[in-house]
Each structure stands twice: as C-alpha cells, then as structure tokens.
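The chain below stands alone and is given as structure tokens, in the form predicted alone.
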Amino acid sequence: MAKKKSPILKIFILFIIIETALVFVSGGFNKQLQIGLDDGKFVFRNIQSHYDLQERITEEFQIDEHYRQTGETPEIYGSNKTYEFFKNIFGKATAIGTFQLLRMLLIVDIMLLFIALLIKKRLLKRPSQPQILFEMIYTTLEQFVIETLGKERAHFTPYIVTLFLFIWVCNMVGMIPIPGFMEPTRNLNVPLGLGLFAVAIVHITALKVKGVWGHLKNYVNPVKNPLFLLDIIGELSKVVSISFRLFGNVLGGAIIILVVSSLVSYVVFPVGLNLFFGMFVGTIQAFVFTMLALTYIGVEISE
C-alpha cells in the first residue's frame, strides 16, 4: 500500500508548480505579469519589462553609483530634505548607501534590545524554549571564554556573547523579505569597525594585565626586538584579516544569490541559496569572528 504524501511535501510541490507557471506566463525577464486595477478595471496581462543583471547588481550593491548612472534624483521615503541632509554630511557619492546602512544598524539594534527585554521579562525557573536557546548560547560561549582566558576572566563573556549575537543578527536580517533590507556586514564599514574595536579590546586588556611598559616593550624596544616594525604591521594586519574575512563572505554570498537567482528566474533554487549563505554561512562567520577576537585576547595576555 502506497504511503500518502505529507502535507508539507504537497505544499512544496504546489509552490514549485505555481512559481514555475508564473515565470513561464510572465515570459521570464522580458515580460512582467501585471495583476490588479488599471483605470478602475481589473487587469491580468503581460507588460514589457527590461532586466539587466549588471544594472541590478549596481542598484543592489552600489546604490549611489546607480543613481549617478541613471541621472535620477533619489528620494528617501519621498523626502528630498532627508536626502539633502545625508548628502551634505556624507557627500553625494555615499549619501544613499550611508542612509541604508544606518537604517539597518538601527533596525538591528532595536531587534537586539527587544529580544533582550523580552527574555529578561520572561525569565522563569522552568525556562521556555527561547530561554533555553539563549542560555545554551551563553553557556557555550562562556565555556570558550573560560577555556581560552581562564576562569578569573569569565567577565569577558558578555562582550563575546554580544559580539556574536550582533554579527549573527546582522547576517540574518538580510533574509527578511522586506524591500530595502540588507546585511549591514556586507558594507565594509561595519566589519572594519568591529575589527578595530576587537583589536582595541585586545590591547586595552593587555595593558591592564601586563602594565603599560610590559605591553609596549615588544613594539617600541628595537634593542630586544629589532623586527618590532613587523610586529606593528602584524597587529594592523589582524584588523584587515578579521574584517575582510567577514565582509568578503557576506558580500560574496549576497552576490551569488542575486546572480544565480537571476539565472533560474527566481524559481525554488534561491530558497536553498538563502538557507546556505544566509543561515549557515552567516552563523559560521559570526562564530569565526567571535572566536578570532577571543583568541587574539588570549594570545596577547599569555605572552
């Protein structure tokens, strides 16, 4: 006796059929299916459309360059005043990109504050599933901190947990299907800022543990360390390494999703790409960045 198909499988098959039919009906990228009202009449028709992959990439990843090429005057939420404000502060070359980045960072911060307040308000002796999840994340990262820095420096755990959650939410927020939403970490300024801050924490901690001269003697003592300039360059390379690793993986994943999605007419396959580059790679990169920051601290204070 044949097994019945599960409801989830039926829904998935139906979803594939509908998406495939819509792509064929709309003529791929040459035409766009229009459904709605036009002059008070309900319409269901194909209209000619233009699709250029290079233009789409420029619009998605270089929005200011896109407006420069098209010659259009951009509006932010329908307000020229907002655009003029950002243009006067950050310049015409980066006004829209900077606005989008700051908006996404504000959204990420609000999400993190909301999650923190919600969990704090609902702390129970018999924890709920969200509480169990966050306690598991916290205790796992706390164990890494203790193993790397020692039990006496477990107070670094809140910083490490915050760093991981911030990067993880930044990587995940781009998966939300809302126009204009993007991963803040695909903008180089965010990984670079996080890298600078992480390396600054490393040296501040080393100054506290070793003392000022105990830490600086490796960098400003040419007698004992004639290659001290290489050590200074090595410290700067840490910022580049940790920042560009995160930036390159997130940006590369976003570009691959856009290009492959265009090639397959946005049918089914992009869902798997989002799951891989969004959830899997995004989580791995957040963990790698956090562990590198923790390792840098451990190596510096142990020398």
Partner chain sequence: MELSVEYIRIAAYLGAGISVGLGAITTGVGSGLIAGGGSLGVMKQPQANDQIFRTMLIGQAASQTAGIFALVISMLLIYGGFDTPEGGWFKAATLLSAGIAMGIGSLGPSLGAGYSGGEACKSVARMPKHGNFIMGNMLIGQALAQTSAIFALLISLLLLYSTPNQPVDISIGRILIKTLAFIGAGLAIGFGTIGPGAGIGYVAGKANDMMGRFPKEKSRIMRTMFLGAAISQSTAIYSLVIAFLLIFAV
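Quick caveat: nothing in here was measured; it's all calculated off a predicted structure. Numbering follows the first chain given and starts at 1.
The form predicted in complex with the partner chain exists for this protein as well; it is not shown, and the discussion that follows is about that form.
Of the candidates Leu123, Ile233, Ile132, Leu117, Ile233 is the one whose heavy atoms come within 4.5 Å of the partner chain in the model of the complex; the others do not. Interface residue remark: Gln62 is counted as part of the site for the partner chain in the model of the complex, having a heavy atom within 4.5 Å. In the model of the complex, at least one heavy atom of Phe144 sits within 4.5 Å of a heavy atom of the partner chain.
Although the partner is absent here, Arg245 sits close enough that one of its heavy atoms falls within 4.5 Å of the partner chain in the model of the complex. Although the partner is absent from this view, Leu275 stays clear of the partner chain in the model of the complex, with no non-hydrogen atom inside 4.5 angstroms.
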